[in-house]
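In the structure tokens that follow, a single protein chain appears in two forms: structure 1, then structure 2.
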Structure 1
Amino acid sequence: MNGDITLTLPDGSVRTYSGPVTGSQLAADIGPGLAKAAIVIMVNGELWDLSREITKDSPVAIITGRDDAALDILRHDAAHILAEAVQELYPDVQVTIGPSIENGFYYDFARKEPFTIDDLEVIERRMVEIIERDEAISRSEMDRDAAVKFFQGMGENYKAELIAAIPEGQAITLYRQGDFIDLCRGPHLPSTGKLGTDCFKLMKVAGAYWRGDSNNEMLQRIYGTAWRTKKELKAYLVRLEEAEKRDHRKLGRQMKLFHFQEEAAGMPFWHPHGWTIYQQIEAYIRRKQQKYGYQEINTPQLVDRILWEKSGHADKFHQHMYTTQSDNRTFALKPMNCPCHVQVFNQGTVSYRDLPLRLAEFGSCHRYEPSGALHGLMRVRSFTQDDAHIFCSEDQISGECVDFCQMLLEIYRDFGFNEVKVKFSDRPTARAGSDDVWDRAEAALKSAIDTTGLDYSLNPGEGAFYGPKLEFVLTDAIGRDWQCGTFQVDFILPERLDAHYIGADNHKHRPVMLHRAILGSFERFIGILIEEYAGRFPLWLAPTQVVVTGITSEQDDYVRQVHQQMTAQGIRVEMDLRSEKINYKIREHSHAKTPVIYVAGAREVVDTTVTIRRLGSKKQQTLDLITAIDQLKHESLAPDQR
């Protein structure tokens, strides 16, 4: 061979060069349009800078702004431009890291004074200048030790620390744009001008620990969002606004569902409307649990600390437990229900014939969560779990898991969640139990989750110390993930609390304990529901299902009569007898997200009918009163009762 290099394009066409060639050259050879649009080049499945020389025969693909891969690179570049702008404006800062993230990017800076919102505008303007300068972005390599010295020499100690952590002898890639040099894996755009001046926006400032460790100092993080086009940016900002309107904290106040106050931070006060939703869900779950062979129990709120010491909770979680003194004893408000459930199991003697024994409780728990973690109904200090513990033998784990997943999916679907993220968390480094037991537990859980056909991701090392677990995650309006359901295999607690059953061999055996919840907590689940439905609850959950109102006060008696009949049928109905115009009342009840409005005017009184208007529709339908009530009554049934 004479040093020729053959590049194969995605369409199968081939270009041959007599020596090393860069992505830019290739793009330019194909056409000036492509040369302009090119961002990076895919070489052998790897993204490379356009300026990097290709020295071997390779399959290649030129990536333009239209490709999805481009967005990530664009955002990463935005982070670099942000860092360059900040360093120009505030010479005292040290740069650390700045990756692209979902919807945008951030960069962490070390600086004594924090950035303010006003700083963001200034920085944004400087970023626009840097983009307009259209600085070339060049890649270079440096020996690790040289790179450490280089950054130390610049006073960039964080960068030096990062590089020092990279294995010795490895080449380090550096990127330079203007006077700004950063350690970076790349690839990057050919120049800063490839990012549109109106396609990005700095969003917020926040604190973040160096290397994500709370023992380290706190850095100043600036978040931004970046897109290919101005239109995309705008669409994203609109999406954020829409999401904010769904915020359960806002809707909870507007719809009078619950409130919080200083004297009980993180502990919701449920109002009649919110509590109605809660009760409907509880009744629904109770029916499901009966269907799936659970027995409901109830255990004390306050339990002597001794039990928590036996269970091991006091040791590991005492900082999260509320305690109180009485009778010279220390009691703790239960942070979870499991030890109490073992107490129920331990009363009397259990035969292997009784297994699996499924004990369920709507268990009210209290946990002293760090103040910064509190978040509306999503993260609270007092909550109720739809908790249950299944006591079974080891060979029953798999079957129980399959049944549980079926129950969980059935329930999630009834609430309208068809997409659930599932995480499989396996053995952590600090764990109890032998590897042999862990092997069996993980295998059982894995085969069970595979049977369900659910997609899941691995969450290595994140299992509980007592066993592997499945986490079922739902997403809120703002895109934040919240764990709701869980299924955990536990070999440890039965041991600690000395649970046993009598086997077919007439000997004592240790049961396995399966901790499981579907909603997780009623509070969090309702918070997610509010956002999922944007406050427009389906009929079976709506606090007020119907409002009956007249056109004039002439119909008041009829309205009262309709209201009474519907109440007698168990429908959650309210009447509106105010002397307001019909327009006003329609508007108000629509804003209140009442699913159905019955209007009765003179005609309806004569005909014994009602005119029906449903939320989200302007259509009206006049129906015979009895028919209307029957229909509504049927529609109001929970999904499992239809």
Structure 2
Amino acid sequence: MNGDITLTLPDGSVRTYSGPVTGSQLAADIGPGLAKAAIVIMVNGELWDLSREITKDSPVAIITGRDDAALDILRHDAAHILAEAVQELYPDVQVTIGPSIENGFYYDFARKEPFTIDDLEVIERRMVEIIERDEAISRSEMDRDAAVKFFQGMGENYKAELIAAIPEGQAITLYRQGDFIDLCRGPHLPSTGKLGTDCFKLMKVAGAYWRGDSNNEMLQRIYGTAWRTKKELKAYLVRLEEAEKRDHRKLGRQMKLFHFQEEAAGMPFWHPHGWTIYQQIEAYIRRKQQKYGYQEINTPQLVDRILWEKSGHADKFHQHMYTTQSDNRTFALKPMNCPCHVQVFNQGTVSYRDLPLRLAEFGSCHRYEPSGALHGLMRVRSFTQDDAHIFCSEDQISGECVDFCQMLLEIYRDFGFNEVKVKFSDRPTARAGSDDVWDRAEAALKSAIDTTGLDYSLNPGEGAFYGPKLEFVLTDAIGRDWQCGTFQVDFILPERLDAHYIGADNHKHRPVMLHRAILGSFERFIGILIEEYAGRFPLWLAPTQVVVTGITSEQDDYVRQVHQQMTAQGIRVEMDLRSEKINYKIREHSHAKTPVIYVAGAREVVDTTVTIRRLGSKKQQTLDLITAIDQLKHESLAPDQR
């Protein structure tokens, strides 16, 4: 029938309507249970409000509160309900921006009086009231200039400023619930009652500059978390408690691994124990890279700004670059290693027979990060990347990707990470190069990842500015995801920096440049490891692998003998000759996360044995000294050396 609209459901079934139809109508037609559970509808892959009319043939899916896609909607609505509650309680407050974020939401408010923890409890109770009111949420559109005047009339100057920055002629979408109205793209729940009263919690208050600019006024940001069910909320709060116990900043102090101070904000000071871990990881990665055919190089940290302008990094990263003046020239501390590696490739003549050429560097980089973004080892201003660049021909991309993925998975397994997700990130909005070049690069990378046989998901628009990339995401012991490794296909930088090789036809050809990292940065990866193991490192990584101590001072000579023999075997050993009670010493070394303690008493001296206590175990074992040392020496080896 002419004018009919056909909607195709996920199971392949279809529903036909004689005219426009809303998601609510479709859900009701399918069944009352679905109509009650529905929160939004997906139309052609895009989430819409249930009240929005579908006017043409489309694939559709009804989203309920149980679906993964619901989380972002629920959190966004929680932010709106938070703003409504704040304005009801504190009418003088101006609302600004309130998005959903990973694990929750926030809203920024302009208010002279600071919010307190007690205020959060009051606001939370009002949010419950708003949810129980089950206020209908409705969408409307308004002309931009009219919307500016509308919010100015309400005294919402921040909202008016946001709207005034939107291009003229673009429709402004507003959402209303009760007396609260907000600028928003949506979509939203049909009503506030769709958010459970026991599925959210306000977490903390923090400062935030208006629009993220430190030149603007400071606002107050209220953070919250929201989930689909009470059970999910409870599980998240338990994870937070566990994460607090594992916080690498706290454990770093406790274990004397590193520290930060204002004189070098965002730049870690490594202590002997922390630097030992760093060196063990570096040595391990170096061995792995040698096994897979990488040649290690080292490039300057301070490079003339001209190179960064040629590569395009000066335009893209100028706000993150540290610069200095000398000899009437501007130099920049390198924020990444890529352009410098091209300089090494460009020295001399490279033949196609030399490809693939794999250049690796433990490259020290610096990037300015706002002070508010700094977070222990996880977000720093000085860091070292396990960086490498593979220069190859286009037909070698797949083979290099397969080898890289194999190496990466081996390394992650050796560090204890067995669950790895892969994301394919394609072209971002702001990018270098033509669409034709991006088409080639994305096709090449897709073919490469398909060749590996690994499952992957799409991560639209998150590629690097010079090429698409694969992102490798680890899942830690308490279920958190960490994006660490990357593999990127780049046709652009070799062109900009005039890299070439001589092909079999005796003519010049551009190499493809594959950017790759596995750890990402040593600093962040060590932070992840501290939290993964809660400071209880596997023996091969532990800064002190064993402490030898006596029950009384009468065993001191024997303790020294054991220490000497173990040191000669390459074991990282310390001895404790303090005249403290043995239980105190054991408790103290356990608190410092020492994996193994060798205890010697009078009997052990006579029998040439040691009694072994292991971290986390109440059991102990007595072995003759030679057997104990041999056993520990084998256990102390890195996984690739066993």
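When a residue number appears, read it as a position in the sequence of structure 1, where counting begins at 1. Just so you know, these numbers come straight off a predicted model, no measurement behind them. Just so we're on the same page, rigid core means the largest C-alpha set that superposes within 1.5 Å between forms.
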Original post:
Which of these two chains, shown alone, is the form predicted alone?
Top reply: 2
**OP:** Could you tell me the angle, in degrees, through which the smaller rigid part rotates relative to the larger one between the two structures?
**Re:** 26
**OP:** After aligning on the rigid core, report the distance the C-alpha of Glu161 travels between the two structures, in angstrom.
**Re:** 13.5
Original post:
In Å, how large is the C-alpha displacement of Glu113 between the two structures after the rigid core is aligned?
Top reply: 5.8
